[in-house]
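In the form predicted alone, a lone chain appears below as structure tokens.
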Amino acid sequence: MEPRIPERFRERYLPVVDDPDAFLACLGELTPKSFRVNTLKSSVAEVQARFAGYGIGIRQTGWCPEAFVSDVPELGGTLEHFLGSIYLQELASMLPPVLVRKELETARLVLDACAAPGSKTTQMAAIMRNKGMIVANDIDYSRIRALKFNMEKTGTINTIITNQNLLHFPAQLQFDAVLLDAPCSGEGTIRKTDSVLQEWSERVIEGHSHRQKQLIVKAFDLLAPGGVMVYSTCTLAPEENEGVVDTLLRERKDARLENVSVPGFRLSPAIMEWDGAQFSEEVSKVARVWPHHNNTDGFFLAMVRK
């Protein structure tokens, strides 16, 4: 059943989405249950064998060997989840670490700038095989407990936790890779919780956009020359996505976008003009994830090289 969608929300997005009917219908359906195998504790083959023994049907994605979808809703009750051999995570949320898998495999120092509750932190630790070091930072102390719990449960040991305002990080720090999964209006998560729509307004979007522009510039400044940064959100708003990246390109001339590509996963082009603003041609290298294309949450991805 389609959620109660504000008319202004429809006016904003229906003209720019490829299939408005499919988009709206998708928003009325729950996202499928998904998880990734935590390779710090188990292998993909081992988890597949165990679930086959339980009679639980799981389907491996074609774009990430550790990512699976299941029609069984009780995955959280399995022994594998209890022991940390699998991590329940929405599929689109897995994209940022996948995008820079090659860089993470050799990185020595990585920053997860807005880390809690730790889904992407622990995913990066698994890709890095617990080598190197991840600084997992979050400004909200109330969320640190969840971050710590998930690190311990998954066997993540190459990570330290900081509870700081990213804007106050010392400039001397230089990271090989930075993940800025920025706090946002969360429009892409409507399928999980329609409370997002109850609190939705363009004023909320503008507030997040202002903060995100500060964060992306600071995160880029913490990147070592030659390093790579992923900027991501789980929202659809161009003000929080393309507009934020465009601001970085204008304020930091040594920022270079790279084409976002995840073979096997359908990505959509950037919105290049919004509310009278024309974004830099470089912004065309970012990617959007519309919910109805891959049966996921909505998402946004940009990859920046210094």
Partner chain sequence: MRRRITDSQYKAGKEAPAPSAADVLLYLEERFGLERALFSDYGLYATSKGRIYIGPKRLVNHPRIATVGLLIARSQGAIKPSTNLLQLFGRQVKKNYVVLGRENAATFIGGTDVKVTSGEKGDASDGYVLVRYLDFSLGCGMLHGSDVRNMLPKAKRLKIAYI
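Keep in mind that this is a model prediction, so the values were computed, not measured. Residue numbers count along the first chain shown, from 1.
Another form, the form predicted together with its partner chain, is not on view; read the next lines as being about it.
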TODO: May I ask whether 74, 148 and 163 all come within 4.5 angstroms of its partner chain in the model of the complex, judged by heavy atoms?
DONE: yes
Task: Close approach of residue 29 to its partner chain in the model of the complex, 4.5 Å, heavy atom - done: no
Open item on the list: Check residue 46 for me: does it contact its partner chain in the model of the complex (non-hydrogen atoms, 4.5 angstroms)?
Closed with: yes
- [ ] Find out whether any non-hydrogen atom of residue 152 is located within 4.5 angstroms of its partner chain in the model of the complex, and reply yes or no.
- [x] yes
- [ ] State yes or no: in the model of the complex, is some non-hydrogen atom of residue 56 no more than 4.5 angstroms from a non-hydrogen atom of its partner chain?
- [x] yes
Open item on the list: Only one of 135-143, 187-195, 98-106, 229-237 has heavy atoms within 4.5 Å of its partner chain in the model of the complex; I'd like to know which.
Closed with: 135-143
Open item on the list: Pick out the residues of 28-42 whose heavy atoms come within 4.5 Å of its partner chain in the model of the complex.
Closed with: 40, 41
